[in-house]
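This document opens with one chain alone, in structure tokens, the form predicted alone.
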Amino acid sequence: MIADGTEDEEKWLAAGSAAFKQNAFYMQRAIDSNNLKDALKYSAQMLSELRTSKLSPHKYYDLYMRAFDELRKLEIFFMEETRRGCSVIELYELVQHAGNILPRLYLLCTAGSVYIKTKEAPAKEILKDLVEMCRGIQHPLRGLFLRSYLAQIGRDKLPDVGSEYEGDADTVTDAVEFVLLNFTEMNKLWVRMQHQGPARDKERREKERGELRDLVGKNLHVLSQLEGVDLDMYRDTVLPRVLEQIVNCRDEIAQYYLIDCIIQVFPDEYHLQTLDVLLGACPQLQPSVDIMTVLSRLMERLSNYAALNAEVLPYFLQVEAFSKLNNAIGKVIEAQEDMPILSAVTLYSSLLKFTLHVHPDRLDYADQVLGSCVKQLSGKGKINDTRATKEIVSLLSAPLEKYNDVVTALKLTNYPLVVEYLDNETKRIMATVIIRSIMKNNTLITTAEKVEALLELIKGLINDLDEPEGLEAVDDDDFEEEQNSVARLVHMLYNDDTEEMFKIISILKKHFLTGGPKRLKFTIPPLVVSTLKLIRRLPVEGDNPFGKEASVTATKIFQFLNQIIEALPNVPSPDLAFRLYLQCAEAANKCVEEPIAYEFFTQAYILYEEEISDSKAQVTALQLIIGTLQRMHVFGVENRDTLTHKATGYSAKLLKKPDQCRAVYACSHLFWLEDHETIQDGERVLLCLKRALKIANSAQQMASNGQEGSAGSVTLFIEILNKYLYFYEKGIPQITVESVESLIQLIKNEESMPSDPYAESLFASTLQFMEFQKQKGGAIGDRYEEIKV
């Protein structure tokens, strides 16, 4: 059916165009022969094709444009006729003899244009006559195009200020009256289109009306271009008349488009000075009008106006722009009881952005907007509309983007109240936005009170929000990224005052420990690191003027650290807890807190024995134990012996022989610290190295028997040789020249050396190092000279 209708319409357009073209040809021939009578005859016949009711607006427009082009030629002919002596008054009367009213009015408008140009009569009188005569066409489509033609030929002939057609009296009023009258009649015709035809064609009619809206809107554009329409005339005449027509037409399409036209075509200065009038019409519009978009565009224009012209900012305060906009939004929402929550939030979001641009120093205004939004959201529960939640995120992001400072946003008392209406997923998104803002702008949060407020805002990332199943729905990569952002945030919470800093990390501990086991492995390490930084800032006991009476002491902080790390083995993240215990032990060493350091080491050993069972993890853990213990100077003889004995015991119990060997010879460093005479036991160093040799021999025998996992035993001998050389160079008497030479000879006699390129290269490098040390001379060179390779 639709296809058939389109085909028929094409046929009608083709037939009309053919007849139009034929009459246009005869009209042109009459013009060429200066035959006015025939020119009028054929032009009237040509224009009769515009009387059709069978074409859609789109097709009718094609026909109209052809008529418009031909009428331009006819107007030029009329002008030439007047120059040849034809009376323009007679011409104006002559065209009215056309048989049909539509061609008659097109010809009348064309003759009227010539009449105005000759200036034989005031322009205002002719325009008034034409706009009244056009009432004779009441068919919506034909009437709209006729009046569009009238507006087109009249726009450059209006008696405006400075125009050649300006009269002696207050002629700009006449110009405005002409445009307003034409606008009113065109709008009536445009609205009437909606009510013609069956209800089933409503959607088609709305589409057709959308295609014609610019014909009506051009009148407002013409008004905005008139030099004589100053602020007073706009406020007293133009705006009230236009708004009256908009409100009275009671058509949602017309109201939405025309209000938007007013906002777009007239100067921002006029809008600022007439806000109360313009906003007063908004609650009177039809409930179905998208007033959200209209007001949002108005506020956007005013914001841009303020941004580009700083000198106008005082006028915004003078006219109380914020109060008027806020009241208008409240009235619109009140008038439209069924307004979707999305529309209401969008309005407040636009108002907040306007406020931040125009009154950035008035936090009370911004908080007032957020408060109005909370009032609107109250009773709605969690917002499930995806678009509405996105708009709330936009609303909450606006202060962050404007101030580049979360601290300022934390001053807005209604900010967290708006966050509460978001669903849990969106709370996580909003929390991420807040953290990104902090990181991007390097914002330091310096007080415990602000940290508490911030953690309440981002609690979507640091606890489960009463939904134990909620984390299951979060993608693992997304979850990890979110928690890493929380970890980075910890380092932005800082205060130079140690007592305030301890309050901050205590608040972090309170929130993090309630975040569920899955989060702890991300949040506990940065908290521990931040706490260790605090410990380093504490004065040593002799420098502390308060002595033991200070409220924040190293002992208190270490107890705090122990409580935090104790939560990790249950996550389970025993390897992480193990590493953190060793870091805390090293911090206690620097604070000369032997009992605390020993306790941390004990906890690390317990985790090693009970939780770390993987052989590779054991090797890594043991390397960390040996490395940390080697740097510890705080222990007395008894405690150090206990810890080193356990470390060497763990080394001998590793699963693979090469791992045992390397761990045992690494333990040799625990018995010789060059700067500490109390930790220099050559006998035990030699014992470790001999035990390592024994294990290497055992590994060699296993390799010769073809057992898996025991390859590369010769490499172990070379590594042990390097340890011998290290301690020989340090002057340990127990490491003799003979022991070094015998080990070198043992390696040289090893049959598997040529088949192991790595071992061969390592041995060559070792010998090269020895030769280099000899060439250096001095005491070291002399010692190496004693070794005969």
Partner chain sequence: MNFLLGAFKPACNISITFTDGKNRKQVPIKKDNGQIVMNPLFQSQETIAGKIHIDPYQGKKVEHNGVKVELLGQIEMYFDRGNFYDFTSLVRELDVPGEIYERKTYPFEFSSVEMPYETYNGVNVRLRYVLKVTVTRGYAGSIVEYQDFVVRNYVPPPPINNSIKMEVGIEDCLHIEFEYNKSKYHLKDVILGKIYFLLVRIKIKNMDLEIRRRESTGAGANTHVETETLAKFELMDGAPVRGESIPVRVFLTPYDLTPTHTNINNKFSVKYYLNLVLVDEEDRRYFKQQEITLYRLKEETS
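The structure displayed is predicted, hence computed values, not measured ones. Positions refer to the first chain, counted from 1.
This next part talks about the form predicted in complex with the partner chain, which is not shown.
- With the partner omitted from this view, the residue of V265, L226, I101, A281 that lies near the partner chain in the predicted bound form is I101 [heavy atom within 4.5 Å].
- When you look in the predicted bound form, the only residue of N562, N404, Q196, Q701 with a non-hydrogen atom within 4.5 Å of the partner chain is Q196.
- For the chain shown alone, D251 is not a contact residue for the partner chain in the predicted bound form, no non-hydrogen atom being within 4.5 angstroms.
- The closest non-hydrogen atom of K188 lies within 4.5 Å of the partner chain in the predicted bound form.
- Proximity of R155 to the partner chain in the predicted bound form: non-hydrogen atoms within 4.5 Å are absent; the residue sits far from the partner.
- Residue contact with the partner chain in the predicted bound form: H139 places a heavy atom within 4.5 Å of it.
- You can rule out all but one of 627-635, 488-496, 90-98, 688-696: in the predicted bound form, only 90-98 has residues with a heavy atom within 4.5 Å of the partner chain.
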